[in-house]
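What follows is a pair of forms of the same protein chain, given separately as structure tokens and numbered structure 1 and structure 2.
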Structure 1
Amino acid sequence: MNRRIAIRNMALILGSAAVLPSCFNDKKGKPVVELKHLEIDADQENLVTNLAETILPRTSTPGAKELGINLFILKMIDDCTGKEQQDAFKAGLKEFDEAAEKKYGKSFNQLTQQERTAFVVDLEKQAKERGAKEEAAVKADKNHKPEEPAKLDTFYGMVKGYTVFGYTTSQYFMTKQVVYELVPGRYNAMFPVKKKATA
């Protein structure tokens, strides 16, 4: 495949929290990230990037794009999931974009940041409601067969899951937010902490 090899070592990107140069965006419809199994075009790659950045935006601290998590997501789905999940991912991506189109009359990539956020918040809310309903149905009837999750939800779940995983295992997070110790050099089995004040 003559896909442009932009990212050889995801670890490097995540490790150095590098900002991707904008010239990486190939205008010919090919994605920038080299994938072995998952076939997606540049538009779809952008959608994943925009979605990851919506889930984990740049605020006073770095967001998904700046940390390279958008590309990490695709690498993980490409390398660490099976064909079935990859197919579900692709189908869900399509459904996701169609849902945006239906609601706003334009594709997710064309939405403003506010619209994207509103769309995703609503999506999570609906998924939660469906989850609660299912739970209630199982409670009422043990034999209740849960509905197949919509492809859209599967897709969103994968993107969010890998966004969270990539973020919480990124160098930025593990050095600046929650400090990971490679060499603790101690085990204190009885470490006193303040009891949380209960109001």
Structure 2
Amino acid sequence: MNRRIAIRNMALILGSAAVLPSCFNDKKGKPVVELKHLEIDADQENLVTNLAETILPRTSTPGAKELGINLFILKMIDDCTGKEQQDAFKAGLKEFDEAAEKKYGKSFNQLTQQERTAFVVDLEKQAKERGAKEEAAVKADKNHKPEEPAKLDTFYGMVKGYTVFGYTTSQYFMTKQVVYELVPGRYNAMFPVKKKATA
């Protein structure tokens, strides 16, 4: 056999062996952000990104995606919550996407921005109604044992809370929206006094 052809064939075999394992992986891929404890795929990361952008959309100010709040949410849940909360987050994430699929026939990531907003508004409305029913049941019966919140509500509450926290502590917010002053702040000698205090 020609030595050049043999080397070429050997290179093709080795190259195929290197590429082959990636062909067997699922199509969902890995998330962009590196996480130590939370195991999610790229689709789930996109769902969190799209949900955060729905909660805090881009207007005349940057949205959640532009500020990187989606990555902040995942890092906070990965680094600052326990396994129980991380498991609740993952279970809720799955339920959230299944609820969108059930309502619209497609995943949350495939919805238009208007559909995502309508879905989230409806979700909040349902959660408020459930909360009001529970409150009424507790008032009617002091021994009433409240039901555990749906995993979907837990997931949504975590994403919404971290979106607001991420935005209000972001560099953009602290430098462009709120001008931070070190405590105790500046001395204002021109403050008007209405009434003279006498001893």
Partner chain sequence: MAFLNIDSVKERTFDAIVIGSGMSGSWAAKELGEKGLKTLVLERGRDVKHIKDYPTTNLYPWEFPHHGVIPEDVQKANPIVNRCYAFGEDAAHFFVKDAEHPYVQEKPFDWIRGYQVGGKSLLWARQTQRWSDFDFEGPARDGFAVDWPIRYKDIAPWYSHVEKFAGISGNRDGLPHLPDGEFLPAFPLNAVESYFSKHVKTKYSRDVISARCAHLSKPNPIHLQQGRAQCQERTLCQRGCPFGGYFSANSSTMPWALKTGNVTLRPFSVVESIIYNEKLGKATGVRVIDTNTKEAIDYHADVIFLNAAALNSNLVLLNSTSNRFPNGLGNDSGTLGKYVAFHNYSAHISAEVEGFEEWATDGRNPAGGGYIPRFRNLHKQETNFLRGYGAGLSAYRGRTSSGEGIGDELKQNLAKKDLGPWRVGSHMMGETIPKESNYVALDKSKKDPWGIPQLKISVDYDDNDAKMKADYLAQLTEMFTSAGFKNIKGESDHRAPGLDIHEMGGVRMGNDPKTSMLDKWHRLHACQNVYVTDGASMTSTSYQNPSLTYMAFAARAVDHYVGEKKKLNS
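In this text, the rigid core denotes the largest set of C-alpha atoms whose superposition between the two forms falls within 1.5 Å. Just so we're on the same page, residue numbers count up from 1 along structure 1's sequence. Small disclaimer: the values here were computed from a predicted structure and weren't measured.
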| item | value |
| --- | --- |
| Of structures 1 and 2, the one that is the form predicted alone | 2 |
| Following rigid core superposition, Cα shift of Ala189 between structures 1 and 2 in Å | 14.2 |
| Cα shift between structures 1 and 2 at Val179, which is computed once both forms share a superposed rigid core (Å) | 3.1 |
